[in-house]
Each structure stands twice: as structure tokens, then as C-alpha cells.
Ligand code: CDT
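One chain is shown next in C-alpha cells, namely the form predicted alone.
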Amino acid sequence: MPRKLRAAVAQLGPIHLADNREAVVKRLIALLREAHGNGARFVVFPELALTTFFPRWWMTDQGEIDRYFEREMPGPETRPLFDIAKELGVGFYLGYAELTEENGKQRHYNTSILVDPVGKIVGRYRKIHLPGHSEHLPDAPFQHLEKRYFDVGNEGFNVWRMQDAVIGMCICNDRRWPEAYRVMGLQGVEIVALGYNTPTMNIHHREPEHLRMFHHLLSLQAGAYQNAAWVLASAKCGAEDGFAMIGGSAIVAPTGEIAAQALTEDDELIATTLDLELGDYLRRTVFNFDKHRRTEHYGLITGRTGARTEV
């Protein structure tokens, strides 16, 4: 029996320091309604979708930092999004900054959640591959302080069954690491949902701007093809208070082909119908893991972190 799911990626334009959560949630709801009108039953929102990309700012007051984090989900400001999703019967992925307590200590995570069509949270992912730096770089055009403001995710790369599909999650820099896709692929993932906020400029060395988009799409397409999964990638993009981030939100098929791609750096919805049988076909043939993988030769992947030459 054919398995198809109409899905959408809801790209966000800039969220500035002066923008409040109430205004942002209204934008998310507008995109959710547009997706529903397009027939979509699942929507992917960006990483840190409720605030500006605050890791670009050096802050030393923990109270100032914590105001960008959510202490509960849903909370009073985000509850309307969940209510509308339940009313429309649309599931979604949402990225945000999570503040929680574990073993008596406060923890800060770059988090995403999977919400089902009745507004219930069914899955959570905490970002593992944190990019950037933790020290202050006064000569840089802006900071990238994810290693300062976030703890490394502690729950792994899991998958959940929702809307008759096996769905996994990752966030931004995770998309550049093949291990993230493969761990989900080994659990039979059919849809990888991810949000990102990617600066247009590399602060560490001069890099042609076109390479930022090229590497972004290359990562999505390789991860999709090599794991026979759909990849739904949603950007928060444009110039936030003058600091530019790439767009390029995309839906990539298990064949590695781009099925839909955003054209702007504003709030924009793209949608397509996901044929889940396409991934099944590839997992039975080219990427039949049981038949072709040779784990006895992969020990270095988990046994060593950094690269070194011993010959």
C-alpha cells in the first residue's frame, strides 16, 4: 500500500533583538496555517525559531543569557502554536533554546522537538555537534558562542514513529557530520527533520560566500542519498540586526535530488508530497545495510575522535 505524506518546510526571515516571542509565534502560526492550506500534515520550523541567533553576542550576565531560553515547552507564549496545530491536525518540528535542571544543576541545550497532530510532544533532540568557540574573539566580526552557551546534547540520535513514518531530528552543524545521518539510518529513519541558522560569513577564515550554500546543500543531499531518507531542512535566515545568514531551505529526496527549495531570505513555505516507498526501494537495493555494510572495518569511527597519520 503506498505511503505518502504531504510535508512542508517553514523558513523564517530575520528575528531581531527587539522582536518578542509573541510576535514570532504569530509568524509561526501564519506559516502553519499556510502549510495546512497547502495540504501539509507535517511542518519543519528552524533552529532557535523563537529568538534571534543570540550566540553571535558576547554576554557575561547569566540572567541576560537565560532570557533567550525556554523553561517549559509549551509555555504561555508558545501554547498558541500547539493549540493551532491540534486544531488543524498538523504535526511539526520546532527548534529552541532549552533551560532545564538535571541532577540538581542547570543545563542549557540547543533543542528541537517533534510534536504530533494532536499537539503532544513525542520526541526531543539536543544538539550534539556544537560549532564555534567558547572564548571571546574581540577581533571577529561577530561571535559564534554555541560552545559557551550550550551543553553538548546527551540523548543521542533517536527516531520516532509519527504519521506513519519513522522520523529523526538533528540541528544545523549536525548535518555536516555523516555519523548523525548514519545512526538514524541504522534505525530505519525515513524523514530527517532539521533546522539551522548558518552565518553567511566564516569568521575564522576567508571563504567565498557561494561555498556556504554549496556545502549546505551537499551535506543534505549526501545524507539523504546515503541513508535513503527524505531530509527536510529549514533555515532562519536573512540579516538579523545586520548579521547575515544563508537561506536555502530545502526538501531533499532519498535519491539526493532537491524536490523543493526556498527562493528568498524571508518567511517562506515550501512543500511537497513525500513518497516514503522511494526510500524503502533504495534500502532494499543500493543501500541494503544488512547485505553490504562491513562493521569489522569501521572501528576507528567510534574508537578515535581526531585524525592522525601513523605511517
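In case it trips you up, residue 1 is the first one in the sequence shown, and so on. In this text the structure is predicted, and so the values were computed from the model without any measurement.
The same protein also exists as the form predicted together with the ligand; that form is not shown, yet it is the one meant from here on.
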Contact segment among 31 to 39, 260 to 268, 275 to 283, 46 to 54, judged by heavy atoms lying within 4.5 Å of the ligand in the predicted complex: 46 to 54
Distance check, residue 144 to the ligand in the predicted complex, heavy atom within 4.5 Å: yes
Contact test in the predicted complex: residue 172 vs the ligand, heavy atoms, 4.5 Å: yes
Interface membership of residue 89, the ligand in the predicted complex, 4.5 Å heavy atom rule: no
Residue contact check: residue 132 to the ligand in the predicted complex, 4.5 Å heavy atom: yes
Position in contact with the ligand when the complex is considered in the predicted complex, options 161, 79, 120, 176, heavy atoms within 4.5 Å: 176
Option touching the ligand, based on a heavy atom within 4.5 Å in the predicted complex, out of 136, 204, 107, 215: 204
Heavy atom within 4.5 Å of the ligand in the predicted complex - qualifying residues of 195 to 228: 197, 198, 199, 204, 212
